[in-house]
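Given as structure tokens, the chain that follows is alone and in the form predicted on its own.
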């Protein structure tokens, strides 16, 4: 420090201020390290305040809804809230036959206590909805009995069994005992086309009731097919755009982006007009003699229509990453390979194509992830064979109101996408993605 001060004096400059221990200070006497830490802290606080609105938006409208969805897939408060005394009385029940009088007396006490609550706080209604997910007609049994229960007199077992036949079915009581916990796995069991048998074991459902696993497989296969088709169509388009002069490339890029400026509903409706049996495409094929009037192709309200419409809608998501990568590949590389004796195919395969892999990876990930959760287009043109898992999730949320099962299906879809992305990252590497 003394040498630094000596050099400063020799150069005619004032020596840096120091404290008694020889540590550097600022002009106002604050240790330099402390001042630097304060400045760094202020810089971090300022940076955090700049991104705080975006962070708040992401947490409020993205992270919190996803967390709430995942929680709803295991949340199970209905039975616990409505039948606390009944569940306690069922602890010693072996599940082989209809419970005895003490259990029915506890059920009567629970129902009477619920009727004394304010209407908005009553739990019998949600209880019937929850049990109906597991056993058909359970909701009608609960609602009918709730209207009659004030008139019941001991022995309550006979009164309940006379009010509805389900109270004499041990299956209903097994469901009440099994679901009498604050958390449940029943929604995930149903989402995997499984169910609980009389002994509480998880078994496969009857074949005519297995729909969700098949829908997951169909969704993945259709997403892979759409990704492949967008690649096959988007690669030559992107290559042609990359070798054109900029003014012509910009003009054609407007044509590629034109679908973004048109309503998704309008684009999907246009495909309905084009693909239906009396539509434009079938009529042209009949007029040129490729098919007969009785042999018109069925290209709508099935898987074919879904794939065609979604390929058209998602094509720009493949073209844009490919074009951004191809535009930056120097043409001299391919010319150098040809000058060294490589054929055009060899130069493309070994020189040009490997350099486009980051764009292919980015476009493939974008198209696949978007298509795997698509809803509007499959709902309009998919019919039965072109439906995807997202349509079933929407049906449970809007029609059956089984939000727990919808949340379980959505959580499984989310986890599946994350697993596929993890596999892609392990095999290819997410750092190789190039979006522009």
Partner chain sequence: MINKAENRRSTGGKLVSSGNRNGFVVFDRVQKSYDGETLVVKDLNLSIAKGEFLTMLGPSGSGKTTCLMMLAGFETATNGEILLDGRPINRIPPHKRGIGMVFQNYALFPHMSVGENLAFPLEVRGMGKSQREAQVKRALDMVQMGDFANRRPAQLSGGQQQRIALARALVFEPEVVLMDEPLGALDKQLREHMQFEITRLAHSLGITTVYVTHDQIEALTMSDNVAVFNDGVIQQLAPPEELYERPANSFVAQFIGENNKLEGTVETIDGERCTVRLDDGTVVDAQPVNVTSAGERTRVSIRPERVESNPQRLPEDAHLVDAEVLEFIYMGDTFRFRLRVAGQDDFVMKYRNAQDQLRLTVGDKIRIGWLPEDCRALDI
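Residue numbers count along the first chain shown, from 1. Since the structure is predicted, the reported quantities are computational estimates derived from the model, not experimental observations.
As for the form predicted in complex with the partner chain, it is not shown, yet the points below apply to it.
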Want to guess which of 173-181, 98-106, 351-359, 118-126 is within 4.5 Å of the partner chain in the predicted bound form, heavy atoms only? 351-359
Given that the partner chain is not shown alongside this chain, does residue 204 nevertheless sit within 4.5 Å of it in the predicted bound form, heavy atom to heavy atom? no
With heavy atoms only and a cut-off of 4.5 Å, decide whether residue 335 touches the partner chain in the predicted bound form. yes
Is it the case that residue 340, even though its partner is missing from this view, gets within 4.5 Å of the partner chain in the predicted bound form, heavy atoms only? yes
Just to confirm, residue 245 within 4.5 Å of the partner chain in the predicted bound form by heavy atoms? no
Using a 4.5 Å cut on heavy atoms, which of 140, 287, 346, 199 is close to the partner chain in the predicted bound form? 346
May I ask you to choose, among 236, 330, 295, 150, the residue with a heavy atom within 4.5 Å of the partner chain in the predicted bound form? 330
